[in-house]
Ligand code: GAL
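A single chain, nothing else alongside it, follows as structure tokens in the form predicted on its own.
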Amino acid sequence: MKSFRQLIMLLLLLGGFLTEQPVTQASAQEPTGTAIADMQMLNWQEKMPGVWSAVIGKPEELTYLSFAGGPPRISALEKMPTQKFPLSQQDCRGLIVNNRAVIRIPLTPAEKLYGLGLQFEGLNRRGRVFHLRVDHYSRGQERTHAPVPFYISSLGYGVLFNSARFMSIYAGVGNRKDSPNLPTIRDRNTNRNWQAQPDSDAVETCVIAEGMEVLVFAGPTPLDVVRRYNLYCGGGCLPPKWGLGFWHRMRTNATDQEVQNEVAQFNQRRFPLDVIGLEPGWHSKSYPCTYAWNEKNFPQPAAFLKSMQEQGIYINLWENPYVSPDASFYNIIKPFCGSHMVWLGMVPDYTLAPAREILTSHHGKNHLTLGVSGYKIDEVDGFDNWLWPDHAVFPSGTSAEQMRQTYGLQWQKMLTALFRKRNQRTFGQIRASNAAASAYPFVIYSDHYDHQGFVTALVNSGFAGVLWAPEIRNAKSSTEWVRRMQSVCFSHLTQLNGWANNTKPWSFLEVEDEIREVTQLRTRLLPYLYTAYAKYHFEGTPPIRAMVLEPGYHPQETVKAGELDDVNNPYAMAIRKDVTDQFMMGDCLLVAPIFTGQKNRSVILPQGKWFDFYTGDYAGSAEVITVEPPLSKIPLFVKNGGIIPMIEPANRISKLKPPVKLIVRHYGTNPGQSQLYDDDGLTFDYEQGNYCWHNLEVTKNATSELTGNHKMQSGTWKITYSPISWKFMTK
């Protein structure tokens, strides 16, 4: 018997199944891999109500949470439903192996996973592998502008892997041989139900590091998970009111006189305009940047900015992070820069306080004191061909990959602090972000220009605690121009970027009226939108969010069995399709964009009655409807009892001075209740209580007549809106 066992071991060794280590009787009887039971159980500590943390190994000091936009909003977290730890602690395990920190979180068979950053494809992340890395363009499911390592389970919990490293996440992919939940093994040759990718019972995540922290956020609902995550990261940002208006970016080398002419044209054509963006030509030199005014294009920047302020226009400056040798502070900041350059410009290490002080001091003196209101920070997302390499060295000791993963966060944190010192709110744009960014007043944008991908990213942004806007630049037809502009007007930032083609809202004259109508609608919705962002700040509720976070919505996910194709699909992989072309904006508005080539589209209505925004007519309940809107209308629906406060059309938000007439719309036949938030729209004084919440309520009397009323709930701010009138849309 002994000699027979030795013969078997020898054959296995020759076949490559065993290592060249000495073989013993015990090692032949036990699994050669690390058993789940041998992985370390994680020791969970409740950090805040409904938020638990555990670590494996020795986590690094620099993490995503170290760049959080603010401290946890403890009072808001304490108001949320009390929850127990939502997972099996026995099955949450970690391991340090081969210089990697590995964490394993269990999954049940029916769970769906959402999130994992700003994704341009799909919704359910289960059954995929993500190698999360900041990049300027979405490549599949991994390289993206905001590869946030946070996912939300359909069972009502969320998981954040808090390591600022390149990360691999196996979202229900990869079956351990010692798992007690292995799927049934099938023979491909005889069983049509054979799967190329059998389901796994866990999410396994690894980083090349000595350790990692993981946090779990309880629900009870998926929306509660997102709220808790945002509140833990400092709450959502509350932009200034003007930031929710219409933005227009000038051509790259525009002059001050061209800007003046542009503003005059907006006025003449009765188009809203709140922000003008200046592109690279405002610099004396760019790529790399001097951060100094171009004296030829802007000979008197102070006078120019004063003129813009008088007209109610805010100015946003484009920048990239790479310092030109001709910058006035080049020699001062050079010792605090990395080993490699980008476009022959220095790459400052803004984890160092001196570097931050040098840049913000220059910006404060030369930009903010003159009247600059914000920034568009480009090229922080990276592209391997011109970014610093992964072996670059930075003076703080921060690794090149950590710098890449957090550079967008560093800029957001630095500039937000600069404006906060002046008690001045800002709203800007950024090309890269990551976890713990919800409190930063920056919107991600992209060169990626697929319309449907834009909307999918908008839907996914709410899972990640980031803001995203599908800016419009150009179009191949007037129809596409309208449909893109409608999507932009129902995103976080409404902007036309004419940097390359010098486009205007009226570039397609035949649809000028349609464009004016939707841009004015955006401004008219200001009270509703501003309240949605207030709830983002105070309660953590994303202003724009996926339908799967809406109560009563049932996900319409389809899985098509894979068809064998020896060239394109040799493993007969199944194809999953999620609904990513509709979303919720605020408490009760459902948005369903139309794409070029569509004459009609399907809309999935959640449970309860829904009504057409424009007419108040009944649209349906818990069903799929088909709509065929005119070119001038983006499909919008309001839930039964929904309340939407609006103002009259206005071309400048900054020119809205009290009293501002408010028209409160009510939809459906049910009584309804909503809130209206207001403050000065400019400063951080709301943090000292200088704000107000008003309760908007519709009641039904004995004869079933609907009556609207409002009442102040809290705060010291005298509301901007008066008089307040009611309009009952459903007859």
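Please read these numbers as outputs of a predicted model, since none were measured by experiment. Quick note: we count residues from 1 along the sequence shown, nothing fancier.
Quick note: we don't show the form predicted together with ligand GAL, though the next part is all about it.
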Choose one stretch from 186-194, 362-370, 598-606, 470-478: the one whose residues place a heavy atom within 4.5 angstroms of ligand GAL in the predicted complex. 470-478
Within 4.5 Å, heavy atoms only, which of F336, W318, W293, F304 is in contact with ligand GAL in the predicted complex? W318
Among D447, E628, E510, E310, just one has a heavy atom within 4.5 Å of ligand GAL in the predicted complex, namely D447
At the 4.5 Å heavy atom threshold, is Y287 in contact with ligand GAL in the predicted complex? yes
Is P280 near ligand GAL? Define near as a heavy atom within 4.5 Å, in the predicted complex. yes
Using the partner position in the predicted complex, report whether W499 sits within 4.5 Å of ligand GAL, counting heavy atoms only. yes
Wondering, does K376 line up within 4.5 Å of ligand GAL in the predicted complex on heavy atoms? yes
With ligand GAL taken in the predicted complex, which residues across 673-694 come within 4.5 angstroms through any non-hydrogen atom? none
